[in-house]
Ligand code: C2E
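Given next, in C-alpha cells, is a single chain: the form predicted on its own.
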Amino acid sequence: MQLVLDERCRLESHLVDALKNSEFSLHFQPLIATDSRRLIGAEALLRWFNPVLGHVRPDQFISLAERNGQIVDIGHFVLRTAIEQISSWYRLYNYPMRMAVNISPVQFRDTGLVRYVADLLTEFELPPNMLELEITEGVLMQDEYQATRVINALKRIGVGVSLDDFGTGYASLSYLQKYAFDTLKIDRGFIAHLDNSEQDRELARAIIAMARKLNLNVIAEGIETQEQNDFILEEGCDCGQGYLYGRPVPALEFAAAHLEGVSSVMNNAQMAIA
C-alpha cells in the first residue's frame, strides 16, 4: 500500500504542472465504415509525456485528475484541441467526418460544459454534427436529472452523444430507454473473443440487433482481425474501431494515413463531374 501511495504522490506532483508545461497532446484513431472501409471519423485520445516519468498511460492519471480537480481544465484542453483539429482538417481536405471526444463524469457535471462546447463550435466554425461526445455509464449513475438536462442541451445545439463501453455496466438497457443517444459503442471485451467464444458472438449479435432496432449508430471497439471485421459487417454493425484499421497516432500521421488519400479521390471525383 505504501508503494502505491508513493507512486500516486509522484504522479500527482508532476500532473499539477503538466497542462501549464504543454505536456499533454492528442492522438487520433480512425472510425471506419465496416462495409466500404471508408473513414467516417476519429476518436481523440489524450496522451501525457513527462520529461521525468516518460509516457504515462491515461488509466494512471485520469482518476488522479478527477480527484484533484484538474480534469475540467484538462477536458477543456481536449475539447478545444480536438475541435480545432477537425475544423482544420475540414477546411484543408473538405472531407466531412465526425470527431469523438470522451467526457469524464466530473467534466460532465460542470455547469459550463454545454456553453463551452457551443462557443468552441462557433469559434472554429465547425458544424455541430461533426462532433460527438462519448460518455460512460458512470456519468449517468450520479444524477439522472443532470444527465438528461445536459444530453438534451447538447442535442439542441446539434452535437451527437454516444454511450461508450456498452455492456460492461449494470443498467445499460434502461439508459437506452431514458436518454437520447445517437451512437452505441460495444465494449472491446465482447469483441476480443469472437473467434473462440460462441457466447460472446451471441452477445455481440444481440447488442447490434437491438441498437439497429432503436435506430442507433453502432461502433464495435477493439477490432484487430479481419475475422472480427467480417463478423460485425455480417451482423450489420455500422462502424469499427481498432488496430485493424489504424492505431492512435498524432494529427500529422493521421492525416497522412487516412485523409490525404480520400481527399485526392474526392477531388478527382468532383473534377470528373465538372
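Start at 1 and count along the sequence shown; that's the residue number. Everything numeric here is computed off the predicted structure, so don't read it as measured data.
Below, we refer to the form predicted in complex with the named molecule, which is not included among the displayed structures.
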Of 34-42, 230-238, 57-65, 204-212, the segment with heavy atoms within 4.5 Å of the named molecule in the predicted bound form is residues 57-65
Using a 4.5 Å heavy atom cut-off, state whether residue 243 contacts the named molecule in the predicted bound form.
yes
Taking the named molecule as it sits in the predicted bound form, is residue 53 near enough to touch it, meaning that at least one heavy atom pair lies within 4.5 angstroms?
no
So in the predicted bound form, does any heavy atom of residue 151 sit within 4.5 Å of the named molecule?
no
Since only the chain is shown here, I'm wondering whether residue 80 would be in contact with the named molecule in the predicted bound form (any heavy atom pair within 4.5 Å).
no
Let me test this: is every residue among 8, 72 and 110 within 4.5 Å of the named molecule in the predicted bound form, going by heavy atom positions?
no
Residues within 4.5 Å of the named molecule in the predicted bound form, restricted to 100-138 and counted by heavy atom:
102, 103, 104, 107, 134
